[in-house]
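Quick heads-up: the structure tokens below are two forms of one chain, split into structure 1 and structure 2.
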Structure 1
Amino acid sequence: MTGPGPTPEQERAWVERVAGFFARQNGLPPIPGRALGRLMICDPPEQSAAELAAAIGASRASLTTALQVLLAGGFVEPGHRPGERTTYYRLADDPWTEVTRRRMAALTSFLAVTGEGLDLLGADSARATRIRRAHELFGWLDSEVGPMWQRWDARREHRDG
């Protein structure tokens, strides 16, 4: 007995939550977000563009765009079956680490802006105090995230490798 499993309604609601999260967090449009959410729970894990379109209620044309976005972002991977022309898309093995890494890098990229600001105003001038505050935080943050991801990689290697 494997239990009843989620209802289609529950699945839809969860997919919508995923889409909402990536819309807010990564600026992903609704349909790519829904396709991503769907690919996280669909059974089987591989789905054609047409199947995904039907599942989330969008046009096939929209799925093309959505899948391009997801492919470019490294979220999904294309796959083929012998004797079939259809491309079956599946969630990448672990898109999350890379995506999150990128987001944090983007966060600390403010360091370049503050650095240029300090150059402009003179790093030691009183007027640059406000910028320096920001510069210190983002510089420190930048020095923290490197080791942090090293710890993650070590942990992953320990579990998988």
Structure 2
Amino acid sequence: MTGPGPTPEQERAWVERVAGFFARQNGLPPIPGRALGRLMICDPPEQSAAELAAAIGASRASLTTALQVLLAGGFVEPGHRPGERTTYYRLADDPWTEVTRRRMAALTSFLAVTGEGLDLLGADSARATRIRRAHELFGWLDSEVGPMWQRWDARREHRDG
């Protein structure tokens, strides 16, 4: 048995850590990060906008904007309970895999741009050195990403049965 669980203060502190992480890594304002952190630990897992706003100390307007960011990013999903008009939000089933796949694809897609730069300047020219370094890195990432995702998918399938 793990005990009674975290205190509300411990939960708020952790939610702030999530918000800080997303602010540093993604340049997000704190409210989307707080909403995401709250949706990661709340019980029940579905929360209305009013419940989320109260839990993280946000205005409804700023929370609405935050939810739009999280919805567009694929982190949260909206839903309804039978017989209710209120929209409830929950963490998507596996946002981390899909968001990471998109980020990695975005990184490796720069390979085409660096290839064009090498063609423009001449791959062996001194001017192309900086582009060549980027092209080599993104080419290596591109070659590694496919096998990495295959290993991840096999691991998830084994875990999930």
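The model shown is predicted, which means the values in this text are computed figures rather than measured ones. Reference numbering: structure 1, starting with residue 1. We call the rigid core whatever largest set of C-alpha positions still superposes within 1.5 Å between the two forms.
Check your understanding: If only one of the two is the form predicted together with the DNA, which is it?
Key -> Form predicted together with the DNA: structure 1.
Point to revise | Core-aligned C-alpha movement of V113 between structures 1 and 2 reaching 2 Å | key: The answer is yes, as the C-alpha of V113 shifts between structures 1 and 2 by 2 Å or more after core alignment.
**Study point:** Core-aligned C-alpha movement of M104 between structures 1 and 2, 2 Å or more
**Key:** Yes, the C-alpha moves 2 Å or more.
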